[in-house]
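Shown next as structure tokens: one chain only, the form predicted on its own.
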Amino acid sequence: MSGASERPSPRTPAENAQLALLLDVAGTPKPGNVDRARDLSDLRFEHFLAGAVGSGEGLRRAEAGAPVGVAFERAVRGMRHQEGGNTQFGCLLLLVPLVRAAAAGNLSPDGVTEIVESTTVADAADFYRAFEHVDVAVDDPPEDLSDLDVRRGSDAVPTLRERGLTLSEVMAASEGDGNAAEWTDGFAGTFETAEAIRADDGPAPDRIARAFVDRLADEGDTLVRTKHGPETAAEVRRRAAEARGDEGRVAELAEEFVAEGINPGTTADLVCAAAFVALERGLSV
């Protein structure tokens, strides 16, 4: 591991992960998502602040080299200690292997891929157990994988063990999920967006909010597709593309999406992970 003096950030990887969670929800406007200027009917800004604090123990375990599944399950369990429910499940799914890679001194596509490929069946079991802490919106699995539906939680663990599926293999089988795609593609979108955040200027929350709109316009959002269907997801992407670069229009879009129940949460997950990488690479706060 590289010495602490060689890292461009004055904070530890776990601290930067928590800071990324906080900066992500502080950025505004982020159309359809909770931010410092707007709440949803059942999910408030304060819930995300509490979730970021609660995730700390799991993130510190990841930094210390704990298995990915153990660190992730503990981070989600701690995150849940607020009244809003699922605030940052997807963020933590991306952050935990990134924190592991950063702590090992290789925060890069190759470094995080090495972490991902080293995951085990036990990691997969802990990943499934994490679904028992919060409700997570996911697509129905293919019929031949119904016994591995993540919503079964611990009940699916015997099947995982019988089939010998590692967490990496579970992610590879989750076709169409944006966060799983990051796991199987060396976190390509995360690192690309991190560089966009670093190349931007102004306060970090503003950079993150702009990166969110850019990402939504360029790639669309898999949570929107899961909840509302592919046509709505395509329309959301089009509207984001038309609004980006126009602060007033983006603010209007934020109100419109909230009113319409459009919540591009997968995009927020990736941008949060990108904020972590940017912080690790020297983004000043």
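Values in this document were obtained by computation on a predicted structure and should not be read as measured data. Residue numbers run from 1 along the displayed sequence.
Note that the form predicted together with a further copy of the same chain isn't included here; everything after this is about it.
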Contact test in the model of the complex: R237 vs a further copy of the same chain, heavy atoms, 4.5 Å: no
Non-hydrogen atom contact P205 with a further copy of the same chain in the model of the complex at 4.5 angstroms: yes
is_contact(G220, a further copy of the same chain) in the model of the complex, heavy atom dist at most 4.5 Å: no
Any non-hydrogen atom of V277 within 4.5 angstroms of a further copy of the same chain in the model of the complex: no
One stretch from 188-196, 92-100, 76-84, 127-135 that, in the model of the complex, holds residues within 4.5 Å of a further copy of the same chain by heavy atom: 76-84
Partner-contacting position among V258, A50, A233, V250 - heavy atom within 4.5 Å of a further copy of the same chain in the model of the complex: A50
Interface residues of 31-57 toward a further copy of the same chain, as seen in the model of the complex [heavy atoms, 4.5 Å]: D35, R36, A37, R38, D39, R44, F45, E46, H47, L49, A50, V53, G54
